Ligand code: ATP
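Shown next as structure tokens: one chain only, the form predicted on its own.
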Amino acid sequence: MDILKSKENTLFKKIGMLSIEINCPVYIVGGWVRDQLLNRTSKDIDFLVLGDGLKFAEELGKKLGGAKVSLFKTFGTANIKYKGYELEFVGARKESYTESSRNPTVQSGSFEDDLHRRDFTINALTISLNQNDYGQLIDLFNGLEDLSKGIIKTPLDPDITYSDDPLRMMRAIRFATQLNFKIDKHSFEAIKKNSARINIISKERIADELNKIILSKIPSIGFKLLDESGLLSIIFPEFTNLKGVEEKNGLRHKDNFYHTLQVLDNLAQNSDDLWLRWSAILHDIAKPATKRFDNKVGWTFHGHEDKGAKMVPQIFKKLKLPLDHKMKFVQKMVFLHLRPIALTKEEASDSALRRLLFETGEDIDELMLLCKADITSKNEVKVKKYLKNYERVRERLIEVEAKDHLRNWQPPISGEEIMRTFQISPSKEVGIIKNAIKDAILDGEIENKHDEAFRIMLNKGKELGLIVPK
């Protein structure tokens, strides 16, 4: 089977020629081979060298016109960035693990030793770049058959594979999600058995795999597998706490776990923004903490948006997600996610729309995408009605924004101008006047213009006993 008829072939031929010159066999291995067979594009290419992988990379760098070679001697790997590609070279090795760490003891090994340490059969497929069998596909573990059947399976005993490196459990679920493959039954049972060993993996590595699952086409596939395997309750218990339905006086609430997954999948159809997808995951995260039963109205979750927003920093910190503007964006989305939905239930006033635009600012489009995704029901008539109302609110937001320019609103009168006009120092009065101007604009009493705002400033200043010096 020849799968090297591609634009990378010139590069591969140069690597093949170098292997002859320095008598060092070399193979393409792993994800690039898999992705070529699946007709997926990939810019990351891994090479297995039977010899000194670092030296091979250094020699290749010279052949490629002085391409930059990065050596990672601690890990025995070398990286070359070349024409948009990430080329990684490693010498053949074999590994042994201790129970307390996923970092193996490494020593030189044979071609077969190296393939035995690979995580999955579909990632152990290899292509020779050597003179006697250039372009030949080598498949020691029936990876080609697993690829055609859509199965994730380990080359060796899955119990040992996952126990040795528990991150592979997350990777198995990530590949199953990205490729829409099934995890082999014995392999999945081994993940269940070894799920507690995920605790020896750093939070950063777990978050990296979790984010890749979230960015998949249908992320719910991965979350259902994480839940069924027992991994989710260990790495993200706040999410599994959403599971379950309670009934009282014949009234039931929806299962917020599966509702959240539906919202996430809905959103994934319209946005590949990782942090907006995190907003979907966390939008109802505080429902378990705010759940109450009211004899008149049934189940309520009052204030879950406020409490949920307060939970976001704790969850991000625990999962080792960035505690910067990305976290604040998710917080804002969680806090505001009910606002547009409330506006769809009745004829929204211009004032309510202005306030939403003011509070959301540049993120209004993302908030509206989240809210559209949040429209879930088994009742198709209800969904159509809500979607129609949603579109009306979206259109009216566009109209109000075009007229009042509140998306990136800056007050027409600054605090400095207020202090200069009344010749006062920074004080609570300055804040009161600024709020009065803001409220007058948002309530439609005045237009978002300097002259009208100046009049409000003078009137409010007079109420506060301030005078304009002559």
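Remember, it's a predicted structure, so these values are computed and weren't measured experimentally. Note that residue numbering begins at 1 and tracks the sequence as displayed.
As for the form predicted together with the ligand, it is not shown, yet the points below apply to it.
> Heavy atom within 4.5 Å of the ligand in the predicted bound form: which of H259, K320, K212, K372?
Replying inline: Exactly one residue meets the criterion: K212.
> Which one, G31, G61, G415, G51, lies within 4.5 Å of the ligand in the predicted bound form by heavy atoms?
Replying inline: Result of the distance check: G31.
>> Given a 4.5 Å cut-off on heavy atoms, tell me which of 213-221, 160-168, 326-334, 375-383 is the interface stretch with the ligand in the predicted bound form.
In response: Checking each option against the 4.5 Å cut-off leaves 160-168.
> Is there any non-hydrogen atom of D46 lying within 4.5 Å of the ligand in the predicted bound form?
Replying inline: Heavy-atom contact with the ligand at 4.5 Å: present for D46.
>> Does any part of R118 reach within 4.5 Å of the ligand in the predicted bound form? Heavy atoms only, please.
In response: So R118 counts as contacting the ligand.
> Wondering, does H304 line up within 4.5 Å of the ligand in the predicted bound form on heavy atoms?
Replying inline: Flag for H304 set to no.
> Taking the shortest heavy atom distance, is R174 within 4.5 Å of the ligand in the predicted bound form?
Replying inline: Close contact exists here: in the predicted bound form, R174 approaches the ligand to within 4.5 Å, heavy atoms only.
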